[in-house]
Ligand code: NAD
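Here we start with a single chain on its own, the form predicted on its own, put down as structure tokens.
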Amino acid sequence: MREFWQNYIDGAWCDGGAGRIDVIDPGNGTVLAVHALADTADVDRAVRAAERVHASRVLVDMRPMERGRMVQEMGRWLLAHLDEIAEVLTREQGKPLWEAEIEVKGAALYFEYYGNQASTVEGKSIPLGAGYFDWTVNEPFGVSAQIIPWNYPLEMTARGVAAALATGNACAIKSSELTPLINGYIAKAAEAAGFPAGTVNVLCGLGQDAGAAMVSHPGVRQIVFTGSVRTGIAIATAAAQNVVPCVLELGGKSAAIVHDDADLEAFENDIRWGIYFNAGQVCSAMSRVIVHESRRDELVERAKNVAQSLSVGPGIERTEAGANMGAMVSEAQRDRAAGMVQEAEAQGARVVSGGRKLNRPGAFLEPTVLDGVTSDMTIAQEEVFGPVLSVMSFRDDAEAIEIANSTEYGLVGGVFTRDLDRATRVAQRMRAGQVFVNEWYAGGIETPFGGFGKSGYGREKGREALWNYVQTKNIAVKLG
């Protein structure tokens, strides 16, 4: 673990104009490393470097298959350095080492997938009758600004950067100040794959400084952001001043509707992955379970058993996949989640299990289950972003759907039932961009992901994501 990490701008590692920032290990609360902190001048250099690459047409003029091979090579480089990358990720983000390894492999998979898709972004010919030849081409926007969250800092960077590069864009990436170390490996992967200097620029900066400068920069032509609704609104407002399109993924308060015929034994695995993976710090986490009143007591007992089966401690000590959970990303995030549990209890919810900070150094919160949650409670409406499961109940399908749709969010949802007709009807009525049936997180990188309502707009993952990074040009020729 190096003591000091730098930004990567225009093919060179460099210090930051805003000084340096400590990176804290949430597993023990100590300083892990120091990272260069970018200022507005650093952002300007990064965007202008990316602009220069785009203006040179070096990426656009490549055969798409050749560009795709370079994108794939980035994924192979990450896999070749998996052990090193996973350890850094665990130490700065807090997740168990085995979860970090999954994230590195997931990041590599995005480069493989979008590298394969590079040659499929095709135009079309449009018949206009005799005397004309008309066709469309899909051109990259130019500079894609990517504002990266801290919960999956490597995988979410890969998700956007892979699609951007596959379509011929250059990138300026602002990592989170909580997890800035890991994105340096994206720069190294791009360098190893042979992308020209300035194609991929990575810097760490504060949102109100570097982030604001990046999204308002006149050289930025497209923005990708994952984070809070409030910040998303600010980014969309700034982007509108330059008429720049955005992809916004702004979190959720996602619900699983569990019907009276659901397999609750199998559902225990969905609880494990849906709310306690990455300590619940997942935009599409299964934060609400809406269960039929006839099965409520059984589900609450099973959820309690799952929560209490998890060993919680430093991620670096949790090398094997299983019943364990790491730290949250910071003590501030942990305290916020614990405070929301206390507020829920004051509003009438019952803490079935957990809800307390661990009496040890580090940002640890016990896996938590709340029963008796109702839609008017804060915890039923606002995203916790922590290992806190809220259990609610319903009498009939109409009430279940009403509860599920009662928030301003609409990212994902779930339906658990043996009745496929019922599952289909309910899924069609849920206000969510993606609905899982009988398995939380069913799907993959091939399936489009994005929200309704205040969960944002635009789609990531799948082929749909490619269209975020290109604009259509029509060319009409009058034949002689």
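From a predicted model like this one, the values you see are computed outputs, not experimental measurements. One-based numbering along the sequence shown.
Not pictured, yet referred to below: the form predicted together with ligand NAD.
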Answer yes if any heavy atom of A285 is within 4.5 Å of a heavy atom of ligand NAD in the model of the complex; otherwise answer no.
-> no
In the model of the complex, V143 touching ligand NAD (heavy atom, 4.5 Å) | no
Would A212 count as a contact of ligand NAD in the model of the complex, using a 4.5 angstroms cut-off between non-hydrogen atoms?
-> yes
Even though ligand NAD is not shown here, does G115 get within 4.5 Å of it in the model of the complex, heavy atoms only?
-> no
Exactly one of T368, S176, T167, T199 comes within 4.5 Å of ligand NAD in the model of the complex through a heavy atom, and that residue is S176
Taking ligand NAD in the model of the complex as the reference, which of V289, A404, I148, A100 has a non-hydrogen atom within 4.5 Å?
-> I148
Hey, of 244 to 252, 190 to 198, 353 to 361, 390 to 398, which bit sits against ligand NAD in the model of the complex at 4.5 Å between non-hydrogen atoms?
-> 244 to 252
Members of 184 to 212 lying within 4.5 angstroms of ligand NAD, judged by heavy atom, in the model of the complex | G205, L206, G207, Q208, G211, A212
